[in-house]
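First, one chain by itself: the form predicted alone, in structure tokens.
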Amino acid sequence: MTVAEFLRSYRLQFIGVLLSLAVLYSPIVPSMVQWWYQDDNYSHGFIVPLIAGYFLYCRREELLNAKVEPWWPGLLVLLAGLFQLLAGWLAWEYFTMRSSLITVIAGILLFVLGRRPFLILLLPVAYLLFMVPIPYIVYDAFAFPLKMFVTKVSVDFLQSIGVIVMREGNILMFPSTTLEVADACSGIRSIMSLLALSVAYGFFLKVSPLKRLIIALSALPIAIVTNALRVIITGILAQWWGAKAAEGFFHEFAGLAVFGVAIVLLVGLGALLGRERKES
């Protein structure tokens, strides 16, 4: 029996599973969507389900023709996901509760449809992880060292071009003003958004798996370099025009401009790797 035949034969059961998941996660998913809206770090969460859905759409023919071979260890994965949900609920830990949805879906696919359909759906299911906000303790563990690194690199560059500036932690001290490199300038926000986009971008490119991995991992250096560029430009403006030049509209515009530059660099890298494939 293929997946298409299975869905026709067990349509009501399939709808029942979807409704059960909706009821089970009704207290959890809406709060996650609210988080996407309130926290700019996770605003990319809105497009993640859409991209995952498109991945599924692209593989629909292969999926519908795949053979259904229920795999009993999938039941263990399903139980592990439910235990993860229970543990997260008891500890009131949001990441554990929210990410359990992906584990539960993976368990259902393995147990009901088998390994082949699961492998076809692995990318869209795994991609959903990008919509889950990471715990703040993990966020801070990465954001703080990134912020200090971006600050140091920026100050070193500014001093190398003759700008008078001193650094104390994440504080930049100019003769006429003082600036703080905030978490938003650390690059962690860009890394999370760019990582989600770079994985999707790599999927659309017809390149080898290694080059797709390179494109995905490039989100890290691109985010750091572009955010260091943001701090450097802000520092130069603050040096010549005072702190007001680095606040308000310019600060918000600089954040958008830096993300635009990061997208251009990501697309450029993809085009370069894609061209190498054609030439070879």
Partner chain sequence: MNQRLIVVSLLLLLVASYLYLHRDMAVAMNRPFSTFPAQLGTWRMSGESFMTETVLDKLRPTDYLSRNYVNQDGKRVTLYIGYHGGGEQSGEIHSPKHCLPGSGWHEIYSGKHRLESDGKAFNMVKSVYQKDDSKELFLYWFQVKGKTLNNEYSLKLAEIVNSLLYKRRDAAFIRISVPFEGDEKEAARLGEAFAKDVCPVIKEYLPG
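Numbering follows the first chain given and starts at 1. Note that the coordinates shown come from a computational prediction; the quantities given were computed from them, not determined experimentally.
Although it is not shown, the form predicted together with the partner chain is what the next lines describe.
J.: Which of I191, V199, L158, I108 has a heavy atom within 4.5 Å of the partner chain in the predicted complex?
T.: Contact check passes for I108.
J.: Of I28, L64, L217, L237, which residue is found within 4.5 angstroms of the partner chain in the predicted complex when only non-hydrogen atoms are counted?
T.: Among I28, L64, L217, L237, a heavy atom within 4.5 Å of the partner chain in the predicted complex occurs only for I28.
J.: Verify the contact flag for L272: yes if a non-hydrogen atom of it lies within 4.5 Å of a non-hydrogen atom of the partner chain in the predicted complex, no if not.
T.: Although the partner chain is absent here, L272 would stay clear of it in the predicted complex, with no heavy atoms inside 4.5 Å.
J.: Should L256 be classed as touching the partner chain in the predicted complex when contacts are defined as heavy atoms within 4.5 Å?
T.: Contact with the partner chain, no.
J.: Report yes if any heavy atom of L210 sits within 4.5 Å of a heavy atom of the partner chain in the predicted complex; otherwise report no.
T.: Contact with the partner chain, no.
J.: Going by a heavy atom distance of 4.5 Å, is V267 a contact of the partner chain in the predicted complex?
T.: Residue-level check for V267: no, no contact with the partner chain.
J.: With the partner chain left out here, work out from 159 to 167, 201 to 209, 126 to 134, 109 to 117 which stretch has heavy atoms within 4.5 Å of it in the predicted complex.
T.: Selected range: 109 to 117.
J.: Taking W71, L75 and L86 as a possible spot, do all three reach the partner chain in the predicted complex with a heavy atom inside 4.5 Å?
T.: So, yes: the whole triplet contacts the partner chain.
J.: Can you name the residues of 138 to 160 that have a non-hydrogen atom within 4.5 angstroms of the partner chain in the predicted complex?
T.: Contacting residues: D140, F144.
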